[in-house]
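Next up: just one chain, as structure tokens, the form predicted on its own.
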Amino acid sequence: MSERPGKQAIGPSRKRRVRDGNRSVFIFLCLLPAFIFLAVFLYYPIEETFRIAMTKSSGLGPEPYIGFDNYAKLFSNEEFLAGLLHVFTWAFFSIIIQLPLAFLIAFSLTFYANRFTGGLRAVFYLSNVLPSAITAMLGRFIFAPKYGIIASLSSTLGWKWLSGIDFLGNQDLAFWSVFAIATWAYTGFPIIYLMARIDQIPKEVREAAELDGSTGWHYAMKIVLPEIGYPLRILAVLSTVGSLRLFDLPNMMTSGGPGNATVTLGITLYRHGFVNWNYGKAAAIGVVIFVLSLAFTVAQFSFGNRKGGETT
């Protein structure tokens, strides 16, 4: 009789441990497919990229180890340096032009909402839905020197000097022409995303601001902008990483030309890996893109946390 209370006290604790153990096993088994998928399709390719970058590989045959020779050659290569400069320039102007433009449009569609807001939301997002190939074709048609939209409008208005400009064939204008098309194509997602975040601001905040006499611009700068600081930081990270990986639009519009006027790291990687069959250099460029993307992501979020940004 004296042992029963002790046994009864141990029983529930043991059952709890067994139940917790079964739960841990169940959670592990649920996560195992995701771990396997990441290991096969993410971690292993990253490891292989770092390894191949240290070799002289053509994708076929032996892969002699050459250390950091590929990186040394890259940073003395004019095409690579031009691509590096272009992606940094692209990232900088994406943040200072595309994001403010997206915020202005998103705030206007939200603050001055009417029965046309839904249709305008769809119109602005349409550019983000179009495949890059169609966007590139539209860009080439807009800037075509003889039969393009700009040339036709210029001829109609009598501006013959403008109709004869080859925007995509001019080394001074090609980069900004592609960037202009990209601004139209890539601003749709930030607009929709910021509109969703602005809609989450409580209506009481706007009503209180209006009672205090805040105008639309004052309300946007003093109340809305601080509230969406964290989403803007996320968009800045996405813009930076997207710029480092940029390939499809400039490649289809100008093939990186004229010369190296619109070349990017993605185009340089493609040329080394799939045109020249120099997988070692292509992998080294991939490593550079990976390291820069990781560094900029960590730096931007760390800076935002020091500034006291939103954490939820």
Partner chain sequence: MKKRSIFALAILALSMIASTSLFAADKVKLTVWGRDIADDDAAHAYVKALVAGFQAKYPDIQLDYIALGDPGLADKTKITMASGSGLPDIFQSWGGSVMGGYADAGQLLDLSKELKTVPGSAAAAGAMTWKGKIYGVAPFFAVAGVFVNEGIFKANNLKYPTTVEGFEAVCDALKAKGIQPIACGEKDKWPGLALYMYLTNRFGGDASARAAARKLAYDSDAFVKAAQLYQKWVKAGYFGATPVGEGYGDAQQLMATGKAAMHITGSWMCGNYSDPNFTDQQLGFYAFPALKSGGVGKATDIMGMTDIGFAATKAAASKKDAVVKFLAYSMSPEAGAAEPGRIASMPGVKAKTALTGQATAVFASAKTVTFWWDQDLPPSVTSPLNDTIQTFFLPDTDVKKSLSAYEALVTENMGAVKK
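Keep in mind the model is a prediction, meaning the values are calculated, not measured. Positions refer to the first chain, counted from 1.
The discussion below concerns the form predicted together with its partner chain, not included here.
The candidate spot formed by K146, G257 and F274 lies fully in contact with its partner chain in the predicted complex, as each residue has a heavy atom within 4.5 Å of it. Interface membership of R140, defined by any non-hydrogen atom within 4.5 Å of its partner chain in the predicted complex, is confirmed.
In the predicted complex, at least one heavy atom of G59 sits within 4.5 Å of its partner chain. K222 falls outside the set of residues with a heavy atom inside 4.5 Å of its partner chain in the predicted complex. Taking the partner from the other structure, its partner chain in the predicted complex has no heavy atom within 4.5 Å of any heavy atom of L249. Stretch-level contact check against its partner chain in the predicted complex with heavy atoms at 4.5 Å: of 200 to 208, 93 to 101, 169 to 177, 123 to 131, the positive one is 169 to 177. Contact annotation: of the candidates G164, G216, P226, G118, the single residue with a non-hydrogen atom within 4.5 angstroms of its partner chain in the predicted complex is G164. The partner is absent here, but in the predicted complex a heavy atom of M253, alone among L244, A53, L269, M253, sits within 4.5 Å of its partner chain.
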